[in-house]
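As a starting point, one isolated chain is supplied in structure tokens, in the form predicted alone.
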Amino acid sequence: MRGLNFVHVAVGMTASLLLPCMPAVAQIDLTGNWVALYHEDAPERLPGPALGDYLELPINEAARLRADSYDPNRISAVVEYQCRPHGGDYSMRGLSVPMRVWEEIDPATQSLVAIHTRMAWMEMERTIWLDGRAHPPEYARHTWQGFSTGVWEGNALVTTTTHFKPSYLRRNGMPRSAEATLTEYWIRHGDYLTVVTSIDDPAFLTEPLVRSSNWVLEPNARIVPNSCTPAHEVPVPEGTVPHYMPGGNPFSREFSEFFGIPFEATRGGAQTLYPEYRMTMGEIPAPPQCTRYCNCTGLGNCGG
């Protein structure tokens, strides 16, 4: 019996020594180099959305008016816009790949303090704090990437980001305000990563905007330094900001006419997201023959 008791004690001591080395329950390793898959909304995310394309956006009239005033020449004429990074809510959706993810570990406790990400475009870096800290007060500094915290829910990393600078929901002038809150669900399945996002913006959205994107692990992907030098590309008087006055955008109906979509449907709004809206659209005009982004599903076939 004494020998048996000794074995029990030895096994117990061994188990107690091993337990601190085990990861927290349900935490998933998200580290590595990830390359985005653009099979979702590829024309919008790669070559970019057309002016007036507000499909699937639960926007209000303020957002619609703001987007209608946008002139793409602003990027060429206003040097401050040329090297502007994406906001933290758009950086993982736009053409910013690849993405590197790494962990910050407390050397004393070996607990996970934060997860860091770095995007190729404009070298955007973001920190997701996992040490239980609170978000700063509203008057604290706002940045492009915002302030992010995270918790584990099962096998999903759930993040909350606030303190954004004003930016855009789409690259056609559709705005996103500094009051927005971004919630994300990071879920890994083998070598694939799915990130589901929900944006609440009391200034421009009437209900949360939910989107998703997918990534694949690519150990050999490299992130090289990214540089951007602003330059005056279009000669305009100093202080000029290209824009359209209300009702003066000549391209607002181009998207509707090109793809044969009822104009009112292209104007967005929460009601257009639901199947019942189809019953209010009336007769849909026959679309012309497809000549743009007909098979746009990724980086390799979105050129024309």
Partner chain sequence: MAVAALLAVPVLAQQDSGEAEVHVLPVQGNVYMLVGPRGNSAVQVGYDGVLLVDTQLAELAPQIAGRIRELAENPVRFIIVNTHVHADHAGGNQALANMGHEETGVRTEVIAHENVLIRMTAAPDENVAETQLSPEGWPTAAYFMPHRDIHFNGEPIEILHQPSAHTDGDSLVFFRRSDVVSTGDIFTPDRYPVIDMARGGTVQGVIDALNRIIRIAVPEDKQEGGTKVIPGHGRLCEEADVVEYRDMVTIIRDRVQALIDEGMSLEEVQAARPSLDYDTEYGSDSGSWTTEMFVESVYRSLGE
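None of the values given here were measured: they were computed from a predicted structure. Numbering follows the first chain given and starts at 1.
This protein has a second form, the form predicted together with the partner chain, left out of what is shown; the following refers to that one.
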Candidate stretches 189-197, 99-107, 153-161, 72-80 - the one whose heavy atoms come within 4.5 Å of the partner chain in the model of the complex: 72-80
message: So in the model of the complex, is the partner chain close enough to residue 227 to count as touching (4.5 Å, heavy atoms)?
response: yes
- prompt: Does the 4.5 Å heavy atom contact test between residue 85 and the partner chain in the model of the complex come out positive?
  reply: yes
is_contact(residue 218, the partner chain) in the model of the complex, heavy atom dist at most 4.5 Å: no
- prompt: According to a 4.5 angstroms non-hydrogen atom cut-off, is residue 65 in contact with the partner chain in the model of the complex?
  reply: yes
- prompt: Is every one of 251, 260 and 279 within 4.5 Å of the partner chain in the model of the complex, counting heavy atoms?
  reply: no
- prompt: Just one of 206, 127, 143, 212 has a heavy atom within 4.5 Å of the partner chain in the model of the complex. Which one?
  reply: 143
message: Using a 4.5 Å heavy atom cut-off, which residue among 165, 135, 116, 232 comes into contact with the partner chain in the model of the complex?
response: 165
field: Contacts with the partner chain in the model of the complex - residues in 102-119 whose heavy atoms fall within 4.5 Å
entry: none
